[in-house]
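Shown next as structure tokens: one chain only, the form predicted on its own.
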């Protein structure tokens, strides 16, 4: 499912424009599975599946498979409908250089929201 992220984000011209000042690599962990996602000027240029020995990333977003599946459901329940709601419930751990994450929070919310059921291509 994470593999669809690149196409869905890059096909959204408004989202790419919103991220035009964002170039970074971050780690996304869904349970025991991890991906390195590289963004250059708002476009996702690669989504690489782990495992990684020593991943190099600006920050990491870590949550259980169950919490991510709730977030990515078509109608997420309260507390799972937003990245910061997951952080507040301590279901999502955001670690590393959070300045990048917070400065582009809306981009990350919308980009990861592209994986929701019914979000389309």
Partner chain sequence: MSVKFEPITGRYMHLDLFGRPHRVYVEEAGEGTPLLCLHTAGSDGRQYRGLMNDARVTSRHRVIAFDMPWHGKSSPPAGWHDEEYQLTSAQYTTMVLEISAALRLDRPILIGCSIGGRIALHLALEHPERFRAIIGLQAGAHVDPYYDLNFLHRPDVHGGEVSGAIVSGLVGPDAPAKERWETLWHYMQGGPGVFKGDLFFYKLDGDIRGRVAQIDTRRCPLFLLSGEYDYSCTPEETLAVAQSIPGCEVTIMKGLGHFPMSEDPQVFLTYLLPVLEKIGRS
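Positions refer to the first chain, counted from 1. Quick caveat: nothing in here was measured; it's all calculated off a predicted structure.
A second form of this protein, the form predicted together with the partner chain, is not displayed here; the remarks below concern that form.
Site test, 1, 11 and 32 vs the partner chain in the predicted complex, non-hydrogen atom cutoff 4.5 Å: Verified in the predicted complex; spot residues all out of contact, no.
Interface membership of residue 82, the partner chain in the predicted complex, 4.5 Å heavy atom rule: Because a heavy atom of residue 82 falls inside 4.5 Å of the partner chain in the predicted complex, the answer is yes.
Close approach of residue 45 to the partner chain in the predicted complex, 4.5 Å, heavy atom: The answer is no: residue 45 has no heavy atom within 4.5 Å of the partner chain.
Contact test in the predicted complex: residue 93 vs the partner chain, heavy atoms, 4.5 Å: Output for residue 93 is no: heavy atoms all beyond 4.5 Å of the partner chain.
Contact test in the predicted complex: residue 51 vs the partner chain, heavy atoms, 4.5 Å: No, residue 51 sits far enough from the partner chain in the predicted complex that none of its heavy atoms falls within 4.5 Å.
Sequence-ordered residues of 78-106 touching the partner chain in the predicted complex, heavy atom within 4.5 Å: Heavy-atom contacts to the partner chain in the predicted complex: 78, 81, 82, 84, 85, 87, 88, 90, 98, 99, 102, 103, 105, 106.
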